[in-house]
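Shown here is one chain on its own, the form predicted alone, set out as structure tokens.
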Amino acid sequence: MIYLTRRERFNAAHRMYRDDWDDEKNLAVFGKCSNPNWHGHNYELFVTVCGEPDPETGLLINLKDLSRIIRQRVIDPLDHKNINLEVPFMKGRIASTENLAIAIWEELEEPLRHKGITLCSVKISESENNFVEYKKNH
């Protein structure tokens, strides 16, 4: 099995909070990430697909096609946006990187499946020290 990873980048702001909690409880649970005036990250997104290369082309997927799907479904809606307020696929979710990874998976899984490609992992780096990776059992 071949694993192929595409890296993309985006910048976005968010706030970690629950509407049903007051600012004091949000601060206690989420720390400075609950700043009512938001904060941002320069994210790196790693999308890994897996499968067997096409015997005719030797490719699992054309990287231009993979990049286009990621850009249309994920990067364009996220880049330079407020995740809490402007990203439709994050509506109703706490804007954690964990939830973002799951939502990105949900955005990519079906379009890739239509191309005959299996999505294997979504990894997001929000800083040089913090990564989240989401994998779903196939």
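For every residue, the number given is its place in the sequence shown, counted from 1. This is a predicted model, so every value here is computed, not measured.
Absent from the display: the form predicted in complex with another copy of the chain. The rest refers to it.
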Exercise. Can you check whether Arg113 is within 4.5 Å of another copy of the chain in the predicted bound form, heavy atom basis?
Worked result: no
For this session: Although another copy of the chain is absent from this view, report whether Asp22 comes within 4.5 Å of it in the predicted bound form, heavy atoms only.
Result: no
Exercise. Is Pro88 a contact residue for another copy of the chain in the predicted bound form, using a 4.5 Å heavy atom cut-off?
Worked result: no
Problem set entry | 4.5 Å heavy atom contact, Gln72 to another copy of the chain in the predicted bound form | no
Exercise. Hey, which residues along 3-30 are within 4.5 angstroms of another copy of the chain in the predicted bound form, non-hydrogen atoms only?
Worked result: Tyr3, Leu4, Thr5, Arg6, Arg7, Arg9, Asn11, Ala12, Ala13, Met16, Arg18, Trp21, Val29, Phe30
